[in-house]
Each structure stands twice: as structure tokens, then as C-alpha cells.
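The chain below stands alone and is given as C-alpha cells, in the form predicted on its own.
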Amino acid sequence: MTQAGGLTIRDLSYRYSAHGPDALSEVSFSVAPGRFCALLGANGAGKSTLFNLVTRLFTTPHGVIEVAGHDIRRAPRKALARMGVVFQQPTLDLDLSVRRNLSYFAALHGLSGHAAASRIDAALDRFGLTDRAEQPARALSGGYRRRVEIARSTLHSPAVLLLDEPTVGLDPQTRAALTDDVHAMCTDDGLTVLWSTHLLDEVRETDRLVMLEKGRVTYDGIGLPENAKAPA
């Protein structure tokens, strides 16, 4: 059983067609509560497939996924309720203000009134969004839009946060700031993070690192291995 707040992937396999190749093949790793884990691989390595399985957009009978102690096949609602997600493709409503985007998400999770307002204000402050709260999302830069998405994903106090290539298209300074913010949530809040990337400079020497290549785990350890090369 996964430690409370952690994430476990065990013997996970997936094919897009019955006679096609494995998109994932017997993938196994776990992330302890409060740890930042980078999932590193090239496009097509299987990162997005894994995220789609963990978030239950896809299902497979092959393997086990446990989120904060809940088996996603046996107790999907409990597992998904303990999870926050930032997908690679932007999902903000660009015509709504930053605050309204957050309020709508809070309502979907059953938060309203003072509880919702308090959490939204705290998230705005944490991610440097207070001065932009009433601006429409389309007026924000790409980096600030990502900040809104990350803030939104944490409003319901998840135990595990998944981020699929969250810095694609952002400049190096903005990428570094976002990774700083997410690492701080691990340290300050005990949040468990799985951060998908194809960029070596987003992996810190103290990070847990899982490398995927052609659907298989090729490295599982702390920090980059010696002579690590950028995913092709």
C-alpha cells in the first residue's frame, strides 16, 4: 500500500491497439510523500501515456496505480479526489478573470463561501497573482497562465500533484521560477509531485528521477546519472 500522500506505480503496461507495440511496459516506481520526482523522457517515451493512466483518462488491466493509499481501479473517486493535475495543454477559460477561473474550479470540488474565498486568496498570494486576480486570463503571459493553473490545481488540498510538461514554451527564467515554486510546496506542504519534462536543467541533484525510454524505465534514482544526455 502506498504511504499516505505518496504515489505508487507498479508493473504498469499499456498498448494503444491489441497488436501494436507497448506504449508502457512494466513500469514501476514510487514517490514518497513530500518528494519531487522528475519523469524525464523524449517525446514518445510514454510520459503522457502514464499521466493519462494515473488520471484515469485511459484504463488498463495491467498494473497497479495507488494515489495517497487509494487504488485507482478499486477506489477511483477517492484516488482522484487526492490528486491535482496540470496538463500539458492549457485549460484556462481565457475570457474569465483569474479569480473566476479559480472560483469555478473550487465550486467543482464542493468549495464555496468563506472556505473557497480563503483558499483562493491564499493561492493568489502564494503564486504572485493577487494584483492580477481581476484580469482576464487571456491578458496574462504564458508563465502567469501556468501559475494560475498550478494555483487552481492545489485549491482542494491534494496529496499528489501531477504536472505534464508544465514549462513547454516558457523562457528559462520563468521555468526556473515555476520549478522553485513547486519544490517549495513539497518542502512546506508535504506535497508529492510528479513533474514530467524532457529538459535536463529542470532536474535538481536532490530530486528523485525516473527516466523513460520507449515505454520502459531506464533509470530510477536521485539526481541525474553520470554522462546523462538530453532525451533525443
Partner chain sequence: MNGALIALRAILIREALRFIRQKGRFVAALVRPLVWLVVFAAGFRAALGLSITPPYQTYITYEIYIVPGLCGMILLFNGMQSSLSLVYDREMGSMRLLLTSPLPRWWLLFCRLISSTAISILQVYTFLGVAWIYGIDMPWQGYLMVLPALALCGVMLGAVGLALSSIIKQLENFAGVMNFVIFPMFFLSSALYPLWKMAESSALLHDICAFNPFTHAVELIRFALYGQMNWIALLWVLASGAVWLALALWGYDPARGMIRRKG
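Remember, predicted model here, so these are calculated numbers, not experimental data. Numbering follows the first chain given and starts at 1.
Below: the form predicted in complex with its partner chain, not depicted.
- With the partner omitted here, the stretch from 179-187, 58-66, 31-39, 195-203 that lies within 4.5 Å of its partner chain by heavy atoms in the predicted bound form is 58-66.
- Shown here without its partner, the chain carries Gly169, Lys214 and Ile222, none of which come within 4.5 Å of its partner chain in the predicted bound form through any heavy atom.
- By the criterion of a heavy atom within 4.5 Å, His70 is excluded from the residues contacting its partner chain in the predicted bound form.
- Taking the partner from elsewhere, Leu140 is found to have every heavy atom lying beyond 4.5 Å of its partner chain in the predicted bound form.
- Within this chain, Gly110 lines the site of its partner chain in the predicted bound form, having a heavy atom no more than 4.5 Å away.
- None of the heavy atoms of Asp121 is located within 4.5 Å of its partner chain in the predicted bound form.
- The listed set Thr91, Ser157, Thr130, Gln135 contains one residue whose heavy atoms approach its partner chain in the predicted bound form to within 4.5 Å, identified as Thr91.
- Within 4.5 angstroms of its partner chain in the predicted bound form, the stretch 145-168 places a non-hydrogen atom from Arg152 alone.
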